[in-house]
Ligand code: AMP
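Only one chain is shown below, in structure tokens, and it's the form predicted on its own.
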Amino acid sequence: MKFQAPRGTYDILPDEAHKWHYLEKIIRKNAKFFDYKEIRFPIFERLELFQRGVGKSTDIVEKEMYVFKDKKGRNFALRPEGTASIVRAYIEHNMNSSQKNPLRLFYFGPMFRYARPQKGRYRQFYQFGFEYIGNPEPIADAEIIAIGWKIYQDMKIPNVNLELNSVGCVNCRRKYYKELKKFLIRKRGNFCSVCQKRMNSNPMRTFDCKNKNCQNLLNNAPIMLENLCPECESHFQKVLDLLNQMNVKYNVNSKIVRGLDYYTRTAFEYKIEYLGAQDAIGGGGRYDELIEYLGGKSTPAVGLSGGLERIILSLNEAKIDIQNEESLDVFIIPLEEKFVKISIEIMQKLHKKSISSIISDSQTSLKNNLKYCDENRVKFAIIIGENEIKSKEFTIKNINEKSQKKIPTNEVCEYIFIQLKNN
């Protein structure tokens, strides 16, 4: 029987892993700039957490979660997103009092959704996220949005468009929903079955439909931005003013509502046109009511998340070459098996100096070993043969410069250490 990776999953092979390291390095750098601390949480949680946190009417909960029972018959789900788990951890560990407030957190990790696999969309996908918990002011929204913007700029993703909207609060949405429902019901029969269902449960999410016909029907629909209460309107305008001060470019798009039920006020997405239907590479918003809804104290919060697969896809589509900066420092080449012992001693000394090094197969020819160094961007090769042992001088080849030197045996490690430090 021939085994293959499950549909909608894939392997990250060694010649691709450096791209992921490149992205993670940029994300961690920006987390440090803004003083966000890493949090890691379980891959599976109680099903009820996502049902309550994400929203029962969302596509994620209704159709896309991987759900299973444990041996005691309890319902669990593989995590489809990160915010609900962070809120659960925040409440469980009483982080509002045990950590500095407001709290800044970030995370990496795989998420799982049972969706139809397509370009840029997988059933196991990797996501990063930033959460700013405890600050109700517009500066928190602007900071989170600016972090995402800076990360994508640092990754050199071309033509990223930031789109913002305000989805209001409970008070202004109550009146708006009545007005929007009236509009939708008049055209109910022309909408897709999903939108018809959403008209009752969460009418604003009809704006999130990917069906072009539905989008055309919504062209003259009432929008939330024209129905905001004074507090929400003021909050949104301050967010825009702050982004202007931060030199973050954006467009206001009244159709941005995001696919999760917990958002309040600010909602945003980062998009690129050249990915087709899967054009969003990240997004987020404010979720002031979620922590209280899941059993904690009323606490304002705002966050963002981004999909690493779509980022890599966008870089590939734009033909942005990510160089592999990780290469072996030293390749030790014993010309005969009897020289393996001393090769091991040298390797261990190099490791103590934090210099990466491995030993070649003594049965492989010198020519092929040097060819390996060229093809794999090895920095130095140490050649150990009969002449080197007799003279007590090892041959050190600088692979990049195509040069070589004889260095006394007891000075080899220090010589390579200095060369690497200077380069």
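Counting begins at 1, following the sequence as shown. This is a predicted model, so every value here is computed, not measured.
Unshown form predicted in complex with this ligand; subsequent notes refer to it.
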Location of this ligand contact in the model of the complex, chosen stretch of 306 to 314, 191 to 199, 329 to 337, 158 to 166 [non-hydrogen atom, 4.5 Å]: 306 to 314
In the model of the complex, does residue 120 come within 4.5 Å of this ligand, counting heavy atoms only? yes
So, in the model of the complex, is residue 184 in contact with this ligand at a 4.5 angstroms heavy atom limit? no
Evaluate residue 177 for contact with this ligand in the model of the complex, applying a 4.5 angstroms cut-off between non-hydrogen atoms, and reply yes or no. no
I'd like to know whether residue 243 contacts this ligand in the model of the complex, with contact meaning heavy atoms within 4.5 angstroms. no
Using a 4.5 Å heavy atom cut-off, are 86, 286 and 299 all in contact with this ligand in the model of the complex? no
Exactly one residue in 280, 77, 347, 217 has a non-hydrogen atom within 4.5 Å of this ligand in the model of the complex; which is it? 280
Quick one: of 104, 235, 258, 173, which gets a non-hydrogen atom within 4.5 angstroms of this ligand in the model of the complex? 258
Considering only 125 to 141, what residues come within 4.5 Å of this ligand in the model of the complex, judged by heavy atoms? 125, 127
